[in-house]
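One chain comes next, on its own, written as C-alpha cells: the form predicted on its own.
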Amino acid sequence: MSESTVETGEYPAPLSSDGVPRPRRAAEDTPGHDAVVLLERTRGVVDPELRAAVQSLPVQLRRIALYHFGWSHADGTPAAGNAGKAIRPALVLAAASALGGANARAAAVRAAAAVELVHNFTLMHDDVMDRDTTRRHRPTAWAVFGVPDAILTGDALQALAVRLLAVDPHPAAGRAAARLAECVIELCAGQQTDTALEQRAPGEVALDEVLAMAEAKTGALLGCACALGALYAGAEDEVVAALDTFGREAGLAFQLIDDVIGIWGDPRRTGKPAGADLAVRKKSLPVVAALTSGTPAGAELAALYTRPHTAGDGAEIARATVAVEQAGGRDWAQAEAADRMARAVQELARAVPAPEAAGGLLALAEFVTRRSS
C-alpha cells in the first residue's frame, strides 16, 4: 500500500486524547487482534520454549534466570510471577502471521523465544549498569544474587537465544540468527552511548544523539522482532526492511512513553518509586528536551542535575518533575511519540497492504504506546 493510501484515511492512525495515534478501531474488533489476547496467546506458546531453554542451564545460572523471569523465588521455590508482557515475541508472531498465516506463525515460535531471551539478557545487564534495585515489583536479580552472577546469567540468556536459532531447521533460521546478532551489537552500542551520556554535563547532551541512542537501545530489538517474523514468513527483502522500520519507529514511540512513565508514572503500577529516573539524574528523552529548551525551567533543571540527589529528598524530585513539564519536556515527548507512531503505521501499510492482516501488529503498536506502567 502506498503513502497516499495512508493519507486518505484507508489505513489511518487517529490521535487519542494524549496525542498518540490510535490504529483503527476495526483492528481491535477483529477476532485475534486484541493486544491483550495476542500477548496472552504469545505467552502460552513461547513460555514453554523459554522454560525449556532456561532449564538447560547449569544449576546456579538456572536458579537466577528462573528468579529473573518470575518463575521462582530467591530460595528456588516455585513462584507464579510475571515474566513480562511478551511484546517482542508477540511482534515476531504477529508479523509472521500477517505475511504467512497460521503456519508461519507456528514456525516462528522458536525465533520469538530467542528474541525474548535477548530482551531479558539486556534487562539483566541494564539493571546492573543502572543500579536499578526493582523490576516487576520485586528486587532485581543483581540485588539478590550479586553483580557477577547477574551479568553471567544475562550472558547465558544471550547464548541460549543463539542456540535456539542455531538448532532450528527452518530455512530462515540462519538469516534470523545473523540479524539477531547484528541487533545485539546495535543494542550494546546504544547502551554504551547511554552510559557515556550519563557522564556528561547536562548542557553537553543534544536531543538528536539521545534519540539515536534510544532507537538503538529500544527500537532496534522491536524492529528485529518484526523482521524475524517476516523472514519466517518468507517475505521479500523490501518487506522485511519495512517491517523492521515499523518496529523501530514504534519502539521509539514506546521509549518516549516509557520515559514519560519514568517521571510521571504511578509507582503502584510501575513497581518503581515516583521520579526514579530523576533521582538518578537519568538523561531521558523528556529531560533532554527540557534541558535543551532554552527556558528558565530548563535552566533550573540543569542546575538540579549538576548536584547529586539526596536520598529521601522528595521536594527536590518534585521540583525537577515540575521543571521538566514547564520546560516542555512532557509535551514534546508525547508529540514526538505521535509522530513516530504515524511513521510506523506508514511503514506497516507498505509491508502489509491489507489492514485486516496488519491488525495484530497495529494492536500491539497501540498497546505499547498507550501503556501506563
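Counting begins at 1, following the sequence as shown. Only a predicted model underlies this, so the values are computations on that prediction, with no experimental measurement involved.
The same protein also has a form predicted in complex with another copy of the chain, omitted here; what follows describes it.
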>> Give me the residue from Ala102, Ala166, Ala201, Ala206 that has a heavy atom within 4.5 Å of another copy of the chain in the model of the complex.
In response: Ala166
>> Considering non-hydrogen atoms and a 4.5 Å limit, which listed residue (Ala274, Ala302, Leu152, Leu197) is close to another copy of the chain in the model of the complex?
In response: Leu152
> Which among 158 to 166, 278 to 286, 258 to 266, 226 to 234 is in contact with another copy of the chain in the model of the complex, heavy atoms within 4.5 angstroms?
Replying inline: 158 to 166
> Taking heavy atoms only, is Pro58 within 4.5 angstroms of another copy of the chain in the model of the complex?
Replying inline: yes
>> in the model of the complex, is there a heavy atom of another copy of the chain that lies within 4.5 Å of any heavy atom of Val128, even though the partner is absent here?
In response: yes
>> Can you tell me if Phe121 lies within 4.5 angstroms of another copy of the chain in the model of the complex, counting non-hydrogen atoms only?
In response: yes
> Are any of the heavy atoms in Glu182 no more than 4.5 Å from a heavy atom of another copy of the chain in the model of the complex?
Replying inline: yes
>> Heavy atom within 4.5 Å of another copy of the chain in the model of the complex: which residues of 177 to 212 meet that condition, in order?
In response: Ala177, Ala178, Ala181, Glu182, Val184, Ile185, Cys188, Ala189, Gln191, Gln192
